[in-house]
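A single chain, nothing else alongside it, follows as structure tokens in the form predicted on its own.
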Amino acid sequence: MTQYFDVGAIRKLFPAAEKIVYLDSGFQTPMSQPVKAALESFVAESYESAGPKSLWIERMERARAKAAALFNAAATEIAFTKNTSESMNIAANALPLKSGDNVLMIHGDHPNNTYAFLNLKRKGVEVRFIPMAEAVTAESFLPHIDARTRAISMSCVTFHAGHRFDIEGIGRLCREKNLYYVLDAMQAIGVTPIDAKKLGAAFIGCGTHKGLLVPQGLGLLYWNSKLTELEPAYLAAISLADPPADLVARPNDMAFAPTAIRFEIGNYNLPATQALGAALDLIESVGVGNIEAHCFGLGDRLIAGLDELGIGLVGPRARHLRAPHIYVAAIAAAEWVAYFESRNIRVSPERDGVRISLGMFNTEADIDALLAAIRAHGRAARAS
């Protein structure tokens, strides 16, 4: 298998990956040493000096700029949120939708994106679903668009089977039809390249505890700053263009910030933003393209091994249709997940099988250990 970076050196930065066969980055990524060091530094600074907040804010803004580079965006187009769900709810409520309008989504896509838009039913907005398919393209949406369609919202990559949709082609369709385009990048960011400008999205939301390597509690929201009509549904002093220095609210001065800060609410998760800066440095040192290629190679090995064992793949097989890092084996989760745990292998139960999800630290030996465990289980079943 081609080596795109020094996997051995990277693996040493993830101690959990040395102790268990960790194939569950689609759930959460184990903590790396640089992230741990950043969090420990924050704790030490807070403990010893009650916190150099100005320094923390400065680091946070550097992390914002690094995150923007990952999206091919400007730092002024990135807001910090709590998680993907908050990002998608901010996006859904910022769109200028009114009663009778409709939004197109994919049936079976992540529920927390879907619920953000289903909640708009109270405003009279209709959500219409197109079928989930191995390949979802602009042509999949086209027959469902009518005069009252205002937006398409979808994932870049599905969490449950690793579908990788034609997000660029669908973005072109949105531009042609003058539709707002909202993307959930949670399962893609940090593993596959995301180019906000090329996609033409109005919003792209994600959390940071998967491909971005930071524990739960921090999210990101990209906002296309050309779309100034997209305004926050709720407001805090920080959201304003000119927050009152004396902290006295004035109803005659409520202009929104000209940057994505307009979508931020109150205090920041400062420890997590420090960790994000360290995580993004690590990702940048490896390269998202290299992470993607590495995971594709491991995925090829996994698919070949499953084929040899006569085990089906729930999601797509072709590289242009599949995520590089998410695979669902068609075996019963109720039986197999506990068995894998007994073999020191971490995976996730999924709708139609067992999800195997990869990260930059995984190796061919991890894939081989999983396949060996499946073979051993089969031998034991035959012997009994």
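From 1 onward, residues are counted along the sequence shown. Predicted model only: the values in this text are computed from it and were never measured.
What comes next is about the form predicted in complex with a small molecule, which is not displayed.
Asks: Would you classify Ser85 as touching the small molecule in the predicted bound form, given a 4.5 Å non-hydrogen atom cut-off?
Replies: Yes, contact at 4.5 Å.
Asks: Under a 4.5 Å heavy atom criterion, is Arg150 part of the interface with the small molecule in the predicted bound form?
Replies: Arg150: no contact with the small molecule in the predicted bound form.
Asks: Taking the shortest heavy atom distance, is Asn102 within 4.5 Å of the small molecule in the predicted bound form?
Replies: Answer no; every heavy atom of Asn102 is more than 4.5 Å from the small molecule in the predicted bound form.
Asks: With the cut-off set at 4.5 Å between non-hydrogen atoms, does Ala79 touch the small molecule in the predicted bound form?
Replies: Outside the cut-off, so no.
Asks: Which listed residue (Asn72, Asn112, Ser225, Asn119) meets the criterion of a heavy atom within 4.5 Å of the small molecule in the predicted bound form?
Replies: That would be Asn112.
Asks: Which one of Phe296, Phe165, Phe159, Phe141 is close to the small molecule in the predicted bound form, taking close to mean a heavy atom within 4.5 Å?
Replies: Of the candidates Phe296, Phe165, Phe159, Phe141, Phe159 is the one lying within 4.5 Å of the small molecule in the predicted bound form.
Asks: Residues in which of 270-278, 288-296, 133-141, 202-210 have heavy atoms within 4.5 Å of the small molecule in the predicted bound form?
Replies: Flagged stretch: 202-210.
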